[in-house]
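The form predicted alone is given below as one chain in structure tokens.
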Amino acid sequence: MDSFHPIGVFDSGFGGLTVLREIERLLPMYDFLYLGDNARAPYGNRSFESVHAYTLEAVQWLFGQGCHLIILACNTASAKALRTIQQDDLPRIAPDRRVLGVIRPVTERIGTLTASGHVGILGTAGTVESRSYVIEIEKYFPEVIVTQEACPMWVPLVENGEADREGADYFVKQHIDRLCNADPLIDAIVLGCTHYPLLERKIGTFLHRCITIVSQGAIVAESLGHYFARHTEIEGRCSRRGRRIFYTSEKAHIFERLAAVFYGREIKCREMRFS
């Protein structure tokens, strides 16, 4: 296939690279186009209306680059914009294309990862405020008790290179303690932000009992593989030459400097600007 129809992967910044990394491990043959809206990040404290407007603009741009399928590798965008885009926008602007998120794949699995039936969610203020995890888990596992904790300092810690340093200890322990004290029966914790896998090791040091830490990337990758098996008409439109292209709405050199921390290797990035 000579035409370029990559799988689009969108995030408000860098975190979606942790999801892309896991998708690539499982599905390396496909072309991928990553877009980070770093110029308007973070999305976590923005209104539903703003997140929807920004995400829809990114989706339309990715469609214009040849994407037939887009993954919103951003919990805030998945929580605040995905449903409206799927139900209202796509039928109007691109009825034959698809946009998927990162919340549903996890909520479809979470009930199988807890023995106690008590689950914790760590996320940005926007994701927690949306209650998307609570609502989606209720659909699949109504018996599961969900407790949420917003961690507004964690994204800045990661992006400022503090994830493995002692300076992060106070802020990580603070939120872990709050979550576990709110429900001592929690035995599975979802990292509901794509930045948080970089804090996973530190999070583990503050868990005083056996608790499963659930990171999204591998689950989302596996879910995409299943989606392709069910929707061959979409899978067949995605080009397969193993190409990777990266865009940011910020300065490319800034993105490249931090991207390697999330992606695991150096990349070259292109700049774009929203109108």
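One-based numbering along the sequence shown. Here the structure is a predicted model, which means the values were calculated and not measured.
Although not depicted, the form predicted together with a small molecule is the subject of the following passage.
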property: Stretch from 111 to 119, 138 to 146, 189 to 197, 165 to 173 whose residues place a heavy atom within 4.5 Å of the small molecule in the predicted bound form; result: 189 to 197
property: Interface residue in the predicted bound form among Val155, Leu82, Val106, Ile203, criterion: non-hydrogen atom within 4.5 angstroms of the small molecule; result: Val155
property: Distance check, Ser132 to the small molecule in the predicted bound form, heavy atom within 4.5 Å; result: no
property: Heavy atom of Pro42 within 4.5 Å of the small molecule in the predicted bound form; result: yes
